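Starting off, we have a lone chain in the form predicted alone, written out as structure tokens.
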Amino acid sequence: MTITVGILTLYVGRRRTIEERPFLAACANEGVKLGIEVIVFTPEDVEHRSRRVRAHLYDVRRKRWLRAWRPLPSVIFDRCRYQSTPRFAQMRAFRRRYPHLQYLNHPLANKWLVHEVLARHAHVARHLPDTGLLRGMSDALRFGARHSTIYIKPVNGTGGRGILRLQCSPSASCRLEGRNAQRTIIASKTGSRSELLRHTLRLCRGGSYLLQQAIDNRLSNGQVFDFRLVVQKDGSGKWTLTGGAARVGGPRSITSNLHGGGRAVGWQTMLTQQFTAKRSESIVDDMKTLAIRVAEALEQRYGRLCELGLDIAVDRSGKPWLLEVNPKPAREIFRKTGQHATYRTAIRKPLEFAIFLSR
């Protein structure tokens, strides 16, 4: 009997479009090679009474999308990224209604709760920047007194949206810069630490934010850079590192996100520009070890996972710092750095893991 893997996603906007279509088509293509059927659906496509879904099917031969009814699949690959909309609530309702299905990945909590989980694991905790919740002016002042540069991040933000950076010089003159919720770079503002922290609280009013120690990961031209590593379960259910690459932020950007104008660079190329070849090799090994430990720690707390994207900064001494964990990582960074075989591997691994779960 042919195994069917359902990729659960969400419609976006009034036109009910589906994001990641090239990725989803690539999944269908790899599914054909593996002898399984890959279907795409949203919670809105489910007919609960008959336990059917009006699925999106990619015709690999004709290279076009079709619609057809399929039985509700028993193996689900959840690609629903967080959004503050009724559609995201529908996804949560779907998972509550069908808890018996085989989900490749369970949801993670917000950034603060994930940080608290990881902070309880000694081997990971020493790679975590100082982090705290922004609850008011007293929190901001205490944190600002400990670190000359801090980041202010939405607890549920993605893609660099709404991230601010407060940078203070020894003379107590400070600069606040960053992006709004639409990822647009905002005009920088200068002033005293307390003045800019009060301004920050006004910008963050109505949301949940955390404070994070900035890691000095700037290039000589001032641009920030970090590394995106992707770890995934393989066809035997074991965590493996699929690959990684460096990301360099734009000239006025405080983050390295590709969606925010960053560019992708081979990670070995980036490291050997900063360190010796031997030290670079050691740093890569440290990042790999950290990535697997993070995946194991989060799976221990939240249940089965199949993949994670980890954003890791490397300071001037070569120490890796975990900046963020993304439970629904994109793969485009591999194509942008010419790692086409790694890109295909990153597409295939969750499907191989789905086959493993179906046995």
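Position 1 is the first residue in the sequence shown; the rest follow in order. Since the model is a prediction, treat every value here as computed from it, not as a measurement.
Below, we turn to the form predicted in complex with a small molecule, even though it does not appear here.
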Given that the partner is absent here, state which listed stretch (149-157, 81-89, 266-274, 185-193) has heavy atoms within 4.5 Å of the small molecule in the predicted complex. 149-157
Test of understanding: in the predicted complex, would Glu44 fall inside 4.5 Å of the small molecule by heavy atoms? no
Any chance Ala214 has a heavy atom within 4.5 Å of the small molecule in the predicted complex? yes
Are any of the heavy atoms in Arg161 no more than 4.5 Å from a heavy atom of the small molecule in the predicted complex? yes
My question is simply whether Leu323 lines the interface with the small molecule in the predicted complex - judged by any non-hydrogen atom within 4.5 Å. yes
Partner-contacting position among Thr200, Asn105, Asn257, Thr242 - heavy atom within 4.5 Å of the small molecule in the predicted complex: Asn257
Quick check on this chain: which one of Asp311, Glu332, Glu299, Glu37 has a heavy atom within 4.5 Å of the small molecule in the predicted complex? Asp311
Kindly confirm or deny that Lys111, Asp226 and Arg247 each have some heavy atom within 4.5 angstroms of the small molecule in the predicted complex. yes
